[in-house]
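Below you will find one chain, with nothing else, as structure tokens; this is the form predicted alone, and questions on how it binds or moves follow later.
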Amino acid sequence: MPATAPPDLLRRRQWLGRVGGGAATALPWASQAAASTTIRLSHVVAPDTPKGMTLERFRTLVEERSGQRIRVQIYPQGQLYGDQDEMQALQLGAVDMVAPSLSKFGPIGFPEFELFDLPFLFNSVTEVRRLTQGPLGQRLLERLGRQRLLGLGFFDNGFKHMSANRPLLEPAHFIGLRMRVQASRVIAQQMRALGAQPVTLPFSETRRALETGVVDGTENPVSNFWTQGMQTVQSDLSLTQHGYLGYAVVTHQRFWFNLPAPDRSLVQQALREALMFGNSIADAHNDKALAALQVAGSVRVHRPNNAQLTRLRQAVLPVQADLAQRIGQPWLDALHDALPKERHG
């Protein structure tokens, strides 16, 4: 980690200091005796997505239960930091909490989190939670301590689907397309295996990139597709359900362990309840977004048949072997042990 913040982070920290006012301008861990604390929480999606609603529920619970003594200042849609710098901002103390997608951990030295990016791995969120709420999920969160980060919990945004200006139902349909991806080697290799060219871009830049032709397509849960208005720049949505999109709420040990113990307990309990709420609404919110898309009629919605899904799955099989080579087969073995036995014999 660099000793000083890069210029863009310094500028944003100065801006935060000017607009924050009063106690919010001081580092919240500077004094445990302070009468109030402000938790600065940054994320990159819209407030009316499952992630945005989950974090708003967290804010409400913390502020109500602390009698407004602990405030949660949320900066959505990359207002302060985007995909490329939110983790560095957390490490530098420019924010106190972030809720990155699980793909964000690979580029900062935790490639084991890319297990969640493997295509066609999960059949349901129930299977996902066997990992996130079990020993394997705990092991992953504990590894963050190597960089003095502290993982506070996982939550869902459901399954991803493919979009472009044509249906994407067969491997041949991807050939020659430039597909926006997160900074995940697994997701990039998935696109190459399908015949597409992966282009890594921040989420906040994706819609504009689609509009201007920088990329031809992308992958998203339906709720993100709808709230970002991607139906105005993409003509076809293919319900491939090929990948999972989840998040982890992360803080820094420096901030966390300088909170008084009762405050840590209050925040942790509020977050636990908020994450349960978020998991309960993710599927329903995606279904609602799909219904809204169909009513709007501005995008063609396609459902691959079983034979098409089989061909897509076969095309991306090499991705799993490559990840096993990078992170070690024991991680893949632990993953498959956590899944239902009938899934893999």
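For every residue, the number given is its place in the sequence shown, counted from 1. This structure is a prediction, so every number in the text was calculated from the model and none was measured.
The protein also exists as the form predicted in complex with (2S)-2-hydroxybutanedioic acid (LMR); that form is not presented, and the subsequent description refers to it.
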- Report yes if any heavy atom of F203 sits within 4.5 Å of a heavy atom of (2S)-2-hydroxybutanedioic acid (LMR) in the model of the complex; otherwise report no. yes
- Task: Determine whether any heavy atom of Y247 comes within 4.5 Å of a heavy atom of (2S)-2-hydroxybutanedioic acid (LMR) in the model of the complex, and answer yes or no.
- Result: yes
- Task: Check whether D83 has any heavy atom within 4.5 Å of a heavy atom of (2S)-2-hydroxybutanedioic acid (LMR) in the model of the complex, and answer yes or no.
- Result: yes
- Please run the contact check for V62 against (2S)-2-hydroxybutanedioic acid (LMR) in the model of the complex: heavy atoms, 4.5 angstroms, yes or no? no
- Query: Which single stretch, out of 38-46, 284-292, 315-323, 301-309, brings residue heavy atoms within 4.5 Å of (2S)-2-hydroxybutanedioic acid (LMR) in the model of the complex?
  - Reply: 38-46
- Item | Option touching (2S)-2-hydroxybutanedioic acid (LMR), based on a heavy atom within 4.5 Å in the model of the complex, out of S238, N220, Q234, S184 | N220
- Which pick from Q190, T132, S101, T251 sits with a heavy atom within 4.5 Å of (2S)-2-hydroxybutanedioic acid (LMR) in the model of the complex? S101
- Which residues from 49-64 come close to (2S)-2-hydroxybutanedioic acid (LMR) in the model of the complex, meaning a heavy atom within 4.5 Å? K51
